[in-house]
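Here we start with a single chain on its own, the form predicted on its own, put down as structure tokens.
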């Protein structure tokens, strides 16, 4: 996996994804076994969009691999205002072993990958959130065991989180059911791509139908960063898609509750669910670091 990019989960083969998760689990169990894979190396962490979990998890992943994380705000480099995305990437590639970026526009990442030979990692874009999906799979492995044939119900907006989850499910043998209001469904292109990977994915309108018997119920905010002007419209559209105690009762006592965070209590999820015994959201958040660490180590060029 040396000198390759990760812009979406399906940039990995199923065997590579399984190996990453195995490595993340092993190092989580035995932190003393984490290698100094990034010793003497820098990793550029470029953030156009602010973050809590992504910044802390990536910095700690690099630190525990003995590397030096370099946090860069979007306004510090002025992508496509002060200088082009290609020039920014080329400059950073001269100093750093790879570049990880959290951006608004996915196309910016594609431009960066075309400009440099060092790996570029997508920490979030408008189309994909692959590192979150890796953490999700790691969390499900820990909570429910082998993933083949198990089922996750995603309730809410067919956004970047849902898209990456669809590809991760397809590559790992999970079945995925997505319940969204009309006009907010997962894009047909994403569904077709997941199915072409061998995934089992179903789109439904009724959230109760989606969650019945699921091993996990997943949701995300109704209004993502950059969609603030749609907030009122989205609250109305998603009102029947709140994950509350009634919906979790339909899912059953075996179902874990998942959320990529940050969460808006009593909007997309009720407080009693996210803070309740079925919630694994804090384990998901912790696993961001473990999953990204395994990914980053795999991207270090062989010597």
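Note that the coordinates shown come from a computational prediction; the quantities given were computed from them, not determined experimentally. Positions refer to the first chain, counted from 1.
Here the subject shifts to the form predicted in complex with phosphoric acid mono(formamide)ester, a form of this protein not shown in this document.
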Between the options 278, 270, 250, 51, which residue brings a heavy atom to within 4.5 Å of phosphoric acid mono(formamide)ester in the predicted complex? 51
Contact with phosphoric acid mono(formamide)ester in the predicted complex, heavy atom within 4.5 Å, among 60, 261, 237, 66 goes to 261
Complete contact of 102, 132 and 288 with phosphoric acid mono(formamide)ester in the predicted complex (any heavy atom, 4.5 Å): yes
So which stretch, 22-30, 66-74, 43-51, 242-250, is the one near phosphoric acid mono(formamide)ester in the predicted complex (non-hydrogen atoms, 4.5 Å)? 43-51
